[in-house]
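Encoded as structure tokens, the following chain is the form predicted alone, with no partner shown.
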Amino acid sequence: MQRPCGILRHMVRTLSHPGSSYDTLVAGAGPAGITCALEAASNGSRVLIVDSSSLPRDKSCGGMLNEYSQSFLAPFGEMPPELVLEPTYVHFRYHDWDRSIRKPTELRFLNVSRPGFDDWLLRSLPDNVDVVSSAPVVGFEQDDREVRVRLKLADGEREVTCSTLVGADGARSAVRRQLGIGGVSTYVTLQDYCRIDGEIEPFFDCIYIRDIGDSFGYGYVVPKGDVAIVGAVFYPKTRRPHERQERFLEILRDRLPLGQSTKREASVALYLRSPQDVVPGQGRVLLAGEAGGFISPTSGEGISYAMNSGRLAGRAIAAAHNGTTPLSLFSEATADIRANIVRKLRWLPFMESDWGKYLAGFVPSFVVSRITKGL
């Protein structure tokens, strides 16, 4: 039986006793963690999701679902219509701002409220999945039988044992860090919610501007009802990114009807540069979504990678038996995803170079459209 929207019956604030035990513990209540929990619980086993933030969370994100992401939603039922914002669909468009070159593509996204989307996924979980908010993972030990996970709760630390731990806790994954398998650099991302004072075309504009500085990766604009999300991605070790974001907004307001900013969010995203950055896990610990490096290095699109890797992690847990382990099944199942990321990494140096950005302005729109579908 699934929980009806509006009533999160299994949202718990404290665990029942110090020795709580689950078949699977998932760190992270985003699309990767929730999809993993849904699949891992499909055989009736007990699953616990913990998240370091309060729930429902407010994830800094453009909130756009490509067709691949939408294909993973069927197990959750019908999406509530109030989660879809205007315009309902936005198409990706390459925008060289300095040369006034726009290249619209066929790549289309469903335009959703990201906080509402995550909350809807969470409320759709079955009754054998428990959820604890404001409970970061502070440490764990594993052996060949179980994983003992320490959680920081409001009333102190609590230990929970599980057969499998899944780190789906994002770009700054505490689970990955505590595995000791190496960290990954992160971009700084800032986005403002600006009032729309006029008409904005129904596109997800990926914007390149040259005079903000070498630390500026790209910017983006997404209309969301009566506001537009205006974001920018800055390379690691960028100094004073908020000042650069202000400069980006100043430039855009010369041509776009962007009014006052009502909110600014800061976040991070993985700065993938090597195939070794993509790691499915170690021992009884799996890594899904950005925690495992599952994200597009060329476009930064992460929701489809999160839901796909989370689904495969959950299925591996549910299917494991005496002759196999969740990690071996998950590693095999994600081989194609990792190969896909490696192919994109080969494109990345050219795409990020000044030459790559310059030449993109001369490529016919239908070619840009075909290329972006693979990004």
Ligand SMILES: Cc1cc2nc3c(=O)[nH]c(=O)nc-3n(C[C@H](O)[C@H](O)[C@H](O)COP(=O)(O)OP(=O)(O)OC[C@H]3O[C@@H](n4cnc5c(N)ncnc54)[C@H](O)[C@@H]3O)c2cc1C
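When you see a residue number, it is the position in the sequence shown, counting from 1. Computed from a prediction, not measured in an experiment: that's the story for all the values here.
What comes next is about the form predicted in complex with the named molecule, which is not displayed.
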At 4.5 angstroms, heavy atoms only, are Cys36, Leu107 and Pro297 all close to the named molecule in the predicted complex? no
Stretch in contact, per heavy atom within 4.5 angstroms of the named molecule in the predicted complex, of 249-257, 206-214, 134-142, 271-279: 134-142
Quick one: is Cys61 in contact with the named molecule in the predicted complex, heavy atoms, 4.5 Å cut-off? yes
Quick check on Gln191: any heavy atom within 4.5 Å of the named molecule in the predicted complex? yes
Gly219: heavy atom within 4.5 Å of the named molecule in the predicted complex? no
Would Pro31 sit within 4.5 Å of the named molecule in the predicted complex, counting heavy atoms only? yes
Heavy atom within 4.5 Å of the named molecule in the predicted complex: which of Ser124, Ser163, Asn128, Ser267 fits that? Just give me the one. Ser267
Considering only 144-178, what residues come within 4.5 Å of the named molecule in the predicted complex, judged by heavy atoms? Ala168, Asp169, Gly170, Ala174
